[in-house]
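Quick heads-up: it's one chain on its own, the form predicted on its own, in structure tokens.
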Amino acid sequence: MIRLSKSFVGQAEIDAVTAVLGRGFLGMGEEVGRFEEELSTYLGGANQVVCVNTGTAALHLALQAIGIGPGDEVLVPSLTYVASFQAISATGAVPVACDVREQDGLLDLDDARRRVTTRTKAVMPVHYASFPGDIQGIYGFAKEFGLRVVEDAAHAFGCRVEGSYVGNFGDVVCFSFDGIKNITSGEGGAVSSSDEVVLERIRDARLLGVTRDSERRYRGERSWDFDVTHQGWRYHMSDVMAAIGRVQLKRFESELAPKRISLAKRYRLQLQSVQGLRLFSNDVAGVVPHILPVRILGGRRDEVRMALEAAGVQTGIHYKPNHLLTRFGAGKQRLPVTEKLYSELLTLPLHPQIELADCEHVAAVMSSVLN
């Protein structure tokens, strides 16, 4: 079976975790502080980074830190994992589902513009399939309406826009480091920003709102006489998770990113001439792909998926649109492009343990069905 996705860790990660276990402290401590510094340095140093226990927690804390709460609205594309919507609703705000562009699955700003109200306080662009898209357009749109921007960059760690890493510019940027992302810390996430007020709120909120507890934790200390001024959560990253993440970060540029890029290039080469199949028309320069979705036209997506399964190939569908879920509208709202893409999308296997020959096998099966 060629797996759709897979964690890719080795002896170096095992040794790093063993070292933490040997120190006898498994909570948030100096390892997390070092990981945050290394992430900031990797991204370029313009923004600071705060690590948390999941990418969803990163989104939730980022929204809370910029002041999103009950009665507010946040614009977000419906074609995203439910985590984006749940993070918004967790603040008491309303996620406003927006349509996407057919050519790349990214937020359609024209559609978003029609949904702005006096309650709209932020926009959450999702870097679907690792593509940041029109970042300048996003920030121009936000400036036009006086909105904060929280980038859902769960797919986009290591990606660049005009030479700069995603997370080294912009308002507030959130990453995911779960088991199958571009780098993993087992579970985990991070928020990147240059807004000191936002960063400090997130540092406290991830530790149940205990003020300035992060600084003590980095030194291996605890807060005993403390204050709490805002709602907090138990969202901090552990040293065990940070140890894995630090090793993955060291491996990223030399090993993990090149493999993902080479696999995506091979797929595109093999699939570009297959009839009945369409690739997203994104600029792949600077992109380290987390997933590789393609469009199967003519209502044949499920036929192709079954043929791949019979040939030992796992596939996925990223994602069921959120406006179709019961909690977020149950399909009462119509988003025609999102719904069209949902009927066509098929995600192909992509992770560092796949070989180039596997890509050719997948493409051959798809070509035999469609052609």
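All values reported here derive from a predicted model rather than from experimental measurement. Start at 1 with the first residue shown and count on from there.
Just so it is clear, the following notes concern the form predicted in complex with a small molecule, a form of the same protein that is not shown.
Annotated contact segment (heavy atom within 4.5 Å of the small molecule in the model of the complex): 75-83, selected among 75-83, 108-116, 265-273, 231-239.
T315 falls outside the set of residues with a heavy atom inside 4.5 Å of the small molecule in the model of the complex. Contact annotation: V126 falls within 4.5 Å of the small molecule in the model of the complex, judged by heavy atom distances. Within 4.5 Å of any heavy atom of the small molecule in the model of the complex lies no heavy atom of S40. In the model of the complex, the small molecule lies farther than 4.5 Å from every heavy atom of S192. Using a 4.5 Å heavy atom cutoff, T54, K181 and G188 all lie near the small molecule in the model of the complex.
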